[in-house]
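Given next, in structure tokens, is a single chain: the form predicted on its own.
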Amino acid sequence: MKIAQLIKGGSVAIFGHLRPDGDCVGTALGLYNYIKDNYPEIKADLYLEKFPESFNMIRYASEAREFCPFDKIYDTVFVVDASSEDRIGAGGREALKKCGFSCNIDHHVSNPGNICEVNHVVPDGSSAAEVLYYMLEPDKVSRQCAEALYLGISHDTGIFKYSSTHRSTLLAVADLIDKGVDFTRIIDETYYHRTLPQTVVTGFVLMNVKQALDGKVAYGYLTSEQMKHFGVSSLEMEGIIDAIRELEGNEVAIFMYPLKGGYKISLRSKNKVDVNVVASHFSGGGHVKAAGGQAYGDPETIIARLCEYIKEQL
């Protein structure tokens, strides 16, 4: 299935998921760059909620708008990296109801495949950006489009260390590098660089990490008061879950922070536990080894509930 077959009419809108991460932003910007490069007659708009400042190194990132006006009607709506309708951000759910045609491009195993008219979901894909790459015509991928796709693939594979990295992933990355992508700069500036508040709050979480289930679970969380104290927002929580995951001896890592009156849950697994199954009990989902959800109440009580489902698999 190629993108050329999926563009219907003269207007296109692109949406990602709530709280967009590197893969979401990279995929959305990859598609946006591709359309702008190859279909100048198409009026394309990009809608993404606020994302990390470092992602602005990708061309056209500054053109993303945080919310779609309710009166806008598009011929085609693309939804990328979103596994369910309630995960679509920036007003995309309303835009879907009014558009002429819609397509979901995703890679989450939890995706039901019924969000849009066409649902191109590849559960074995390393990232939505990789899925999108194989929907494009390689000779029409510009360097700027390639940079966006590289951002997405590198972030969702943990810089190619996660088990979701396949031969197809590395072949796609090789093609992107051949386009002239400055991969070192993209990785350094968007993955490893941290602000001082991010560094301090990550250290705080790691200093207060706790264990459960005989050390098989390592977890940490922040309260609203702590986030205010450190002067950080949800945008600066990126990477903390991976730091917890790196602790020796744990099978599952958990990180939580306050969001919309509850707690945003991030889960990572190393080998035995399917965290997508665990997240499904907390209004969430994702992948076998990386998933997320949402819960309300006391954080230690939420952790105890999470551990119950994790213990079933251990």
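Being a predicted model, the structure only gives us computed values, none of them experimental. Residue numbers run from 1 along the displayed sequence.
Just so you know, the form predicted in complex with a small molecule exists too; it's not on screen, but the next bit is about it.
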With the partner removed from view, which of 259 to 267, 47 to 55, 62 to 70, 27 to 35 is the stretch that lies within 4.5 Å of the small molecule in the model of the complex, judged by heavy atom distances?
-> 259 to 267
Identify whether the small molecule in the model of the complex is within 4.5 Å of every residue in the set Lys8, Thr76 and Gly92, based on non-hydrogen atoms.
-> no
Though the small molecule is not shown, can you say which of Ile303, Val12, Ala295, Ala290 has a heavy atom within 4.5 Å of it in the model of the complex?
-> Ala290
Taking the shortest heavy atom distance, is Asn104 within 4.5 Å of the small molecule in the model of the complex?
-> no
Quick one: is Arg87 in contact with the small molecule in the model of the complex, heavy atoms, 4.5 Å cut-off?
-> yes
Would His120 count as touching the small molecule in the model of the complex under a 4.5 Å heavy atom rule?
-> no
Can any non-hydrogen atom of Ser83 be found within 4.5 angstroms of the small molecule in the model of the complex?
-> yes
